[in-house]
Structure formats: structure tokens, C-alpha cells
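Shown here is one chain on its own, the form predicted on its own, set out as C-alpha cells.
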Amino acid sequence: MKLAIIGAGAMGSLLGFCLCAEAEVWLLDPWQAHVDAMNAGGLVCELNGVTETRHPYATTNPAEIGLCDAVLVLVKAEQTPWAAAQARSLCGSTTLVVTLQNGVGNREILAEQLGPEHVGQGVTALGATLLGPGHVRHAGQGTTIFSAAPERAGMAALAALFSACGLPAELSDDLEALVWGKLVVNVGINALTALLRVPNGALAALPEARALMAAAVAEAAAVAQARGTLLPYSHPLEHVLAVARATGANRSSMLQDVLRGSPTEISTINGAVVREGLRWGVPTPVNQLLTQLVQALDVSAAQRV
């Protein structure tokens, strides 16, 4: 299989490292220093206590890649239109473009630009931290779940590739459950780790943080219930706590954004819960406050002390 990954941040780099063991993998990213480091010395990954170097292809130019069997999109939400534009030159008539991004709304943007018959979605419980150009750390194991749509055989082949590379993966026929199941996890972890400046595991270990997580998750679960979305687990808070513990050393993507002074994806995570709550008449004061606090972090990055 020939696979392109658009967005070589923490998760994109981890997947590029793992999947290149069994496939031809291209990492496409505008960060020139990262691309240069990978091309010069390979991609270094700290995985299960072992440091190893592998050699996926890396470029800033999609024209160097050519047509692919599948394209994974792992950019931040605000970069999704750019990713769709990059994907056009990578897509043939049977190419699948699969978003593994956080939040809601990314699949719809990709489908509008590339055609819904090409675009699938997945969620992953993997954790990763980008340590520098050409250097990533695997920070948490977890299952990746792909939607069976738009083409079951192709999505199954992608899941099989993940599994062959040591990344547990499966298919789901319920896309809404898939997306909201991951959204509730992100709601419980990302904003709090960014605001408290702690790794995921601290949220499970600290009673005060657990209380805030419980409130945010309860609101998100109530919104899901109001919109008729059945979550893929029976006890949302227990599930989110289990994910936080399983990825205990990981710095969430939102924490990494805040530490870099980069824009976060808060509007497509906690902000999405607030918008859907307004739509369905469900109060979401905790998620509204978390959204406003992280948005304030975003706009005040240059003034931080």
C-alpha cells in the first residue's frame, strides 16, 4: 500500500514511523526543518523504552508523492481546507482520504472539496509527543477505529495495515458514535491539560482535576444523548479516566499547542459541545468556560510571562 500522511505533527509522525514498516509512507508537512531532519537522518521514535530510527519519505511538496492508495489527514482543524487542497493531487479514482483529526466538522470539509465517496473517518486513542525535528515519542497505546464508509474493503485494508504494524485497529458501522465517542474523550482531557499544564495522567490522579473532568464529560454526554447519539461505551467518565491513565505520560495535542504558542482546536472540541448544547437545549456552562479560557490563552500567547 502507498500511503500519504498530511500533517507530520506528533500523531502524524508516530503513524508514519509505525506504518512505514509495512507500506510506502510519505509524510507531507510545511515544516521544512522537520522534513529536512527526516530526510537527512530518518525519523527517530522513542517507543516502549526503545529508541529506533526508520525512514519514511518526507516532503513539503505533494507533487513529489504522486497518486496514493490512501491519505491520512492529521493536521489541526484550522488547516483542514489546506489539507484538502494538498490531497487533490494524491487522489485517484479509488483513493481513500481518512481524517483522524480531533473534533467535529473536519470530515465534512474534506468531503465538500474531495467528494464524499472518497472521504472516511477514524478516531485513535494513541498518544504521541513531538520532541523536535525528526524526533517523536510514543506516549500511549490505544485502538484506532475506522468507519466502514465510504468503502468497506478499502477501510478494512487500512485497518489491517495498522494491525500488521502493531497498532490495534477495527471497523465501525456507526460513524456518529465513533466521532462523539472520541469527542467526549477530548472534551475531558485536552482543555484541562492545556490549562493546568499537566500530562494526561495527572487528570486522573488529582481529585480537583477529576472533578472538573467529570463535569465537562457529563455535559458532553448529555448533549450526545439529546441529539440521539449512542456513545460506544456505557460509562463516559470511567472511559475518559481509563484513556487518561493509559496515555498518562502524554502531553495532549492541545497542551502541546499552548506550550508552542500555536492556535488550539478548542472550537471544534469543547466549543462544539457548547454549540450543540445550544441547539438541543442542554446547558453546558463548564464547557463554555473551558472554551473561553483556552481561547483567551490563544489570543494572549504573545503577552505571556
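Each residue number is its position in the shown sequence, starting from 1. Only the largest set of C-alpha atoms that superpose within 1.5 Å between the two forms is called the rigid core. Predicted model only: the values in this text are computed from it and were never measured.
The following text describes the form predicted together with a small molecule, which does not appear among the structures shown.
Taking the partner from the other structure, the small molecule in the predicted bound form has no heavy atom within 4.5 Å of any heavy atom of Thr144. Under a 4.5 angstroms non-hydrogen atom cutoff, the small molecule in the predicted bound form lacks Thr264 among its neighbouring residues. At a distance threshold of 4.5 angstroms between non-hydrogen atoms, Leu203 is out of contact with the small molecule in the predicted bound form.
With a 4.5 Å cutoff on heavy atoms, Ala10 counts as touching the small molecule in the predicted bound form. Between 88-96, 74-82, 231-239, 151-159, the stretch whose residues reach within 4.5 angstroms of the small molecule in the predicted bound form through a non-hydrogen atom is 74-82. The putative spot formed by Glu108, Asn270 and Arg275 is not touched by the small molecule in the predicted bound form; no residue has a non-hydrogen atom within 4.5 angstroms of it. When you look in the predicted bound form, the only residue of Ala215, Ala209, Leu195, Leu130 with a non-hydrogen atom within 4.5 Å of the small molecule is Leu130.
Once both forms are overlaid on the rigid core, the distance between the two CA positions of Thr247 between the shown form and the other one is 2 angstroms or more.
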